[in-house]
Ligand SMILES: Nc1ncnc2c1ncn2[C@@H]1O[C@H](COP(=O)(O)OP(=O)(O)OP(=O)(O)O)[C@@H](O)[C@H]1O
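Presented below, as structure tokens, is a lone chain in the form predicted on its own.
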């Protein structure tokens, strides 16, 4: 049975979707089969992060409404055979019963993939509840500004108590900003009460790869790409030292 991980943040702009795509690719590099699910109804962007904008034909509502099987609705990445995407619909025809229907879809998906990564939308609406309803683990993506941390705290309070493992990823880290704010990574961890899964530096390669229509990890082996690979190894149980902010304002 596969592991289902919801990736959430509480607010937009944290780089959650890019991280979800990077983590998905990194897990396939470790020999895992991965299904990435975009739960952002009406504002889906995970296909862009994965370089699959021309691959999506169906969405998870087609499966929930019985129009097709899960195996037909998912799109396989053209260059990464172990990576698949199930995207969100532009809208839902109904809201009644969708939580149980989505949970059933997830239970089927976990029998077919080693990891199911669910990209939760910003906010605490229906998409968030769908993304979290059947998860085994949660990754909260935040930044070191107070607004991102406050929204992350709100998300934590709304995650189902049935999720036993919740960890923190600090994304878009600018070491010099940490120093100017007089903050440390431990301060953020203490504020959220979460163990740290990894640090991801601010990296222009994220935007460049997205605009080029290719996954980040296919064009880079350092910066954010390296961080995603390290996080994937930790998730699978490989002991990898955490990146840290060095004295010269570098992530090492």
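The structure displayed is predicted, hence computed values, not measured ones. Numbering follows the first chain given and starts at 1.
We do not show the form predicted together with this ligand, though everything after this point is about it.
- Here the marked residues 12, 16 and 206 all reach this ligand in the predicted complex, each with a heavy atom within 4.5 angstroms.
- Of the candidates 92, 122, 105, 126, 122 is the one whose heavy atoms come within 4.5 Å of this ligand in the predicted complex; the others do not.
- Of the residues 200, 39, 34, 26, just one reaches this ligand in the predicted complex with a heavy atom at 4.5 Å or closer; this is 200.
- Annotated contact segment (heavy atom within 4.5 Å of this ligand in the predicted complex): 167-175, selected among 129-137, 84-92, 71-79, 167-175.
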